[in-house]
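Here you get one chain, nothing else, as C-alpha cells; it is the form predicted alone.
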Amino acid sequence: MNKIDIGNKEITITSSKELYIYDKEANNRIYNIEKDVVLKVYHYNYDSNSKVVINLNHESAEVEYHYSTINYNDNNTSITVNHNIKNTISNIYNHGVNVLNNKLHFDICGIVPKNIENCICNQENQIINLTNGNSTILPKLLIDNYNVSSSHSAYIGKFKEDSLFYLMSRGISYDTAIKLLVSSLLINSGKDSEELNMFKENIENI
C-alpha cells in the first residue's frame, strides 16, 4: 500500500492506501472511498478535537480506521461512516487516554440505509481515565437493513489492577507500567513512521 499525506481537507481514495496522521490541533477530514479500495488509517491525535467523515461510495470499498488520542483538556472526537452502497466494509477502532480531570467524548456513528445490504459495519471504543476524568462514548449504529453484519462496544474506566500488579511485580515502576499500558492501548501499528514517533514522545511525557 502507498503512503500519502492528508491535511484538513476532503480526499478521494482511488487506490488502496495506508495513511499515517499526527494531529495536535483541531482537524476535519472527509474520505471518499471508491471501488475495490482498501483504506487503512492510523490517526494519532494529541489533545485536540477531531471530526472525520468516511463515505464508502462503491462496492467492495473498505475502511479500517485506527484512532488514538491523548487528552488533557475538553475535547470531542466525531467519526461517521456512511455505507452509501452495498457490499462495503468498515471497522473503526477508537482508543483514548484521558490524563487529567477533563472531558473526552467519542461520538461514533455507522450508517447503513434501507436497500443497502451485505455490509459489515463494526466499531470498538475504549477510553482509559488515568485520574477522575469525565469521559463519554456515544456508539451509534443506524442500520436500516436486516442483511448487515454490525457490532459495537464501549468501555470507560481505568487500567485493570491485575495488569499493573503484574508489571510492578516484575520490578517495573508504577509510572513506567502506566506508560507501557498506554502504549499497548494506543499504538496499533507495528510499522515505524514519523507520525508514530511523534506520538510516542507524547506518551513518554504523560
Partner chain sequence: MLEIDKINVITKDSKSKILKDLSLKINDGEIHAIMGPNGTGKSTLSKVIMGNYKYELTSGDIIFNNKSIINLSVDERAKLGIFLAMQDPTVIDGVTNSEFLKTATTELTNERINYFDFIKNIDKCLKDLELSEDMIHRSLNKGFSGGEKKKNEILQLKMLKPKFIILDEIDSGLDVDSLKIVCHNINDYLKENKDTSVLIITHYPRILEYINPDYVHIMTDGKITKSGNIELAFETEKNGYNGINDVRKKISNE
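Residue numbers count along the first chain shown, from 1. Please read all numbers here as calculations on a predicted model, not as lab measurements.
What comes next is about the form predicted together with the partner chain, which does not appear here.
Three-residue site 168, 173 and 184 fully in contact with the partner chain in the predicted complex at 4.5 Å by heavy atom: Affirmative, all three are within 4.5 Å.
Any of the heavy atoms of residue 188 lying within 4.5 Å of the partner chain in the predicted complex? Yes.
With a cut-off of 4.5 Å between heavy atoms, is residue 149 one of the residues that contacts the partner chain in the predicted complex? Outside the cut-off, so no.
Contact between residue 163 and the partner chain in the predicted complex at 4.5 Å, heavy atoms? Because a heavy atom of residue 163 falls inside 4.5 Å of the partner chain in the predicted complex, the answer is yes.
Within a 4.5 Å heavy atom cut-off, is residue 30 in contact with the partner chain in the predicted complex? It does not: once the partner chain is placed as it appears in the predicted complex, residue 30 has no heavy atom within 4.5 Å of it.
Out of 141 to 149, 155 to 163, 35 to 43, 54 to 62, where are the residues with a heavy atom within 4.5 Å of the partner chain in the predicted complex? Flagged stretch: 155 to 163.
Just to make sure I understand: among 49 to 65, which residues lie within 4.5 Å of the partner chain in the predicted complex, judging by heavy atoms? Going through 49 to 65 in order - heavy atoms within 4.5 Å of the partner chain in the predicted complex - there are no hits.
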